[in-house]
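Presented as structure tokens, the chain that follows is alone, the form predicted on its own.
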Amino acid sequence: MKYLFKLALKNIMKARRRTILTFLMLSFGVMVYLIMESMLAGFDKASFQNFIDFETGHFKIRNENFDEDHPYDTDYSLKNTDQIEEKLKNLDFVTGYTSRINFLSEIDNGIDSTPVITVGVDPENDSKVFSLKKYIIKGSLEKGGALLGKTLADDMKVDAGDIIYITFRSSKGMFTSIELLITGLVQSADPKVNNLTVFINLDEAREHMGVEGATEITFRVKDYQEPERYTKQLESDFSGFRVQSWKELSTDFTALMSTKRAGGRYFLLFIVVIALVGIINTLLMSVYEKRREIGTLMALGMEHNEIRNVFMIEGFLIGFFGSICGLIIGTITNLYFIYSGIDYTAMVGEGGMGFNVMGVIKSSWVISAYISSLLIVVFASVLSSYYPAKKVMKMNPAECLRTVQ
């Protein structure tokens, strides 16, 4: 076997130009795939973190009749929020809780209007669950005022100190319009907060909407990565309510991320197909160029299977070292994105491309991408070498030796 490897290496070195071209193609494909998977993993991580920090918390408690298809309908709000919060306060694994009211409205600057989501927040407890307060860039949320996403404010051509009007249908079915002073602006890592949201005081939202409690109570737990460990107790303590973890709330979001991640796998498949063609071409040319040499080896007693294995080893070596080179270059390149990141907003603008992120996003290490790219490329390389190697099995030693080179 050692002799066969030496012979395969010798054959590879003879056809340097073709081998290097195939080698570089494989290395480039593996490198790009690795960087794509690592960046997408970073985007996923940041997206889920934003989802938790600005929208879901770790768990939500809602009315058992809450309608997923109409999430901003206040007809099924929580009436007894004080009792629920008191129960949460006595649970040792709960680290913070807050109530919110979410409803649809229309913002008007006196000239233009646009649909928005208005959120009534509890100034005292909201920062224990959500990260909104950390991202306020101007002013603050005051009574009688509103906190606007920076992008929304820019689109409406308003700023802190300006007057806006929001119009909405109250829980009693009446259209109501209220005047609000913009007391602050927020620029977060979540596009939904920046582009679509107006925040007002929770008590004022209750008064304007005619809602006694809240549409949801959100809370954080000690170990958010394994919410299942708390589910049984929460369902027992809050029977008659809908209790959902961030994982349950993000099923649609997870499906969307998986669809985007599939693009990376299609790219790897595309590279593998090109590699198949390149390796088949390289080895077929090698077979025809070495007919006399093959004939000599057969005449000296080398078995057909051994000669076939030489060409399959060539395919293995091209795939293996091509993958290793691509992984090394990809790792070095990915180090930059791990520590410095990429300014996603500068690339695609504040509208984004469907990712729940803004600003600088850092890459992540994806061990599965290393393993899958190495195994798939090596397997495809060996597989593609089978057809040229099979040609050797049909060769006649005498005909090979008569070949003019």
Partner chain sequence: MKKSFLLFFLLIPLIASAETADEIINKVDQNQLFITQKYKIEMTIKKGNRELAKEFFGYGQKDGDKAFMEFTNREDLGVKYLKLNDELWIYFPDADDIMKISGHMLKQGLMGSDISYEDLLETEEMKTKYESKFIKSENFDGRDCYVIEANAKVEDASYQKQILFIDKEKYIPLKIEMYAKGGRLLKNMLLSDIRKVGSRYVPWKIEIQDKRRRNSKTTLVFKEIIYDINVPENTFTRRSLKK
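Just so it is clear, the model here is predicted, and its values are computed rather than measured. Positions refer to the first chain, counted from 1.
Just so it is clear, the following notes concern the form predicted in complex with the partner chain, a form of the same protein that is not shown.
The candidate stretches are 329-337, 94-102, 164-172, 123-131, and the one lying within 4.5 Å of the partner chain in the model of the complex by heavy atoms is 164-172. The partner chain is not drawn, but in the model of the complex it has no heavy atom within 4.5 Å of T231. Contact between Q187 and the partner chain in the model of the complex is not found at the 4.5 Å heavy atom cutoff. Although the partner is absent here, K150 is not a contact residue: none of its heavy atoms lies within 4.5 angstroms of the partner chain in the model of the complex. Not displayed here, the partner chain is kept clear of N90 by more than 4.5 Å at the level of heavy atoms in the model of the complex. Comment: the partner chain is not present in this chain, but in the model of the complex one of D73, E248, D155, D159 has a heavy atom within 4.5 Å of it, namely D73. This chain appears without its partner; in the model of the complex, the one residue of D223, D112, D203, E212 with a heavy atom within 4.5 Å of the partner chain is D112.
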